[in-house]
Ligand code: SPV
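Quick setup: one chain, the form predicted alone, written in structure tokens, and binding and motion questions come after.
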């Protein structure tokens, strides 16, 4: 399949370690993939769903101990511990390799090793990077075929001397006590063992596209970010693009596939990406451009419905793999909590147990696991952007950060400049909800929504953002904003309707980028004049709008103390710009 000596040398090393009984190169052909689907069905690894109602769709369940990403078993192994930083688990590379090699030794004996060449981003794009994943799981092969571009064209693009990310996965015996997801950024390598859950084993996903790519981006002068990319088209047919980062449970996927409200006739939203953005400065025009390095959506099923996210649901209706949802035994379709209000009377819940409509025996009385997933091709999405496969990416006008704050952050505000915008992203936070374990209302810092995903010291990551800003002219850099759809009133009620009406806020953001509207300067940044936010058709009073846009000293004074506590963990490594911005914010708030 290839004459690339780096690939061939690495393959020989890995074969000697895991000792597979059979080896299959994945060429990406539909014929090969169809044969693998049939094999997975014959062994029970996958279940074929109703092909009339869900053409090309399959079902998979993981072990009950293997249903989510395992942050405590995820490591960044760099030569110096301080290069991994305080937010990552660390072990010395030599020590970790020794530990892992003992686990991998003979792990594919009696099994087939599948070799998956894959491209993150369109094959041949200047943004794109190539990986090769070795795995003993057909489920991984079929998911990677949806989530990335795979096969022979990738090897052709790699050529005889190209570099690639070396990805090794073995599900072995799915033992949680010996489960590791390990990144060696200095070696361009990812090793995953004893898991079969997508987030731990689709190594192109967070492992490569964020942890390894963020390290590559720092060294090569680009950015890998946990951001959606969407295009906003106005009634005149002009399209502008934004990137946006949110912690979990803040409506990121819903925003990526937003449907504008009826009142905003002529406006459209185009989805370029729902999860990850790779950004580079285009030398021709000096602007920041973004691609979505993925080819599919790895979405959380529960809560996805026609009402909450019509476009995401439509994307799942063909050629999709469902993991850990429930099966409706009457017609071999799928169901999950929040899909509709009609759970199937005759169902197989996510652990494989048969249940009737009354006796739910799964975790918390749920038919589908709370983290059950769908892997759907992006091209299925009704609002997928015509620029989705553009190898040059799309030009970014605005970067939006968000969080879930009851009282602190206003509905929207604009950073003063790039440096202040980096600080706004670095202080991004959400308050815990009843859905999360532990106390409600606790502030959790998640800078740029990247806390679990930066493949090196987060203080250096902040520094890289400042460096990127210096490479752009101030007038060409994207403007940076913060949004909060979750502001609450005195009775605990949400003040903003959210969902499609968030388009109104995005329109104000783009008007600011174009210099079409003025804004009110506050201690935290620029806040809209309420008359510049289109509230036509909303049942919302002037008093509520005043509350939504208010900046209250007592909440910000408290928040600044929390920011200081968070930044203290980085010590002397914290960029001076962050300290300067924090000091300036405190002075403005106290003034």
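Because the structure is a prediction, the values reported are computed rather than measured. Residue numbers count along the first chain shown, from 1.
Although it is not shown, the form predicted together with ligand SPV is what the next lines describe.
Trainee: Looking at 205-213, 118-126, 347-355, 323-331, which stretch has residues with any non-hydrogen atom within 4.5 Å of ligand SPV in the predicted complex?
Mentor: Stretch with heavy atoms near the partner: 205-213.
Trainee: Can you pick out, from 425, 261, 199, 395, the residue that has a heavy atom within 4.5 Å of ligand SPV in the predicted complex?
Mentor: In short, 199.
Trainee: Using heavy atoms only and a 4.5 Å cut-off, determine which of 482, 373, 171, 149 is in contact with ligand SPV in the predicted complex.
Mentor: Contact check passes for 373.
Trainee: 460, 567 and 579 - do all three of these have some heavy atom no more than 4.5 Å from ligand SPV in the predicted complex?
Mentor: No: no residue has a heavy atom within 4.5 Å of the partner.
Trainee: In the predicted complex, does residue 453 have a heavy atom within 4.5 Å of ligand SPV?
Mentor: Contact check for residue 453: yes, within 4.5 Å of ligand SPV in the predicted complex.
Trainee: Would residue 504 show up as a contact with ligand SPV in the predicted complex if we use heavy atoms at 4.5 Å?
Mentor: Contact with ligand SPV, no.
Trainee: Looking at the partner-bound form in the predicted complex, is residue 37 within 4.5 Å of ligand SPV by any heavy atom?
Mentor: No - in the predicted complex, heavy atoms of residue 37 and ligand SPV never come within 4.5 Å of each other.
Trainee: Flag residue 418 as yes or no: does it have a non-hydrogen atom within 4.5 angstroms of any non-hydrogen atom of ligand SPV in the predicted complex?
Mentor: Judged by the heavy-atom cut-off of 4.5 Å, residue 418 is well away from ligand SPV in the predicted complex.
Trainee: Can you tell me which residues in 231-269 come within 4.5 angstroms of ligand SPV in the predicted complex, by heavy atoms?
Mentor: The stretch 231-269, when checked against ligand SPV in the predicted complex, contributes only 248 at the 4.5 Å heavy-atom cut-off.
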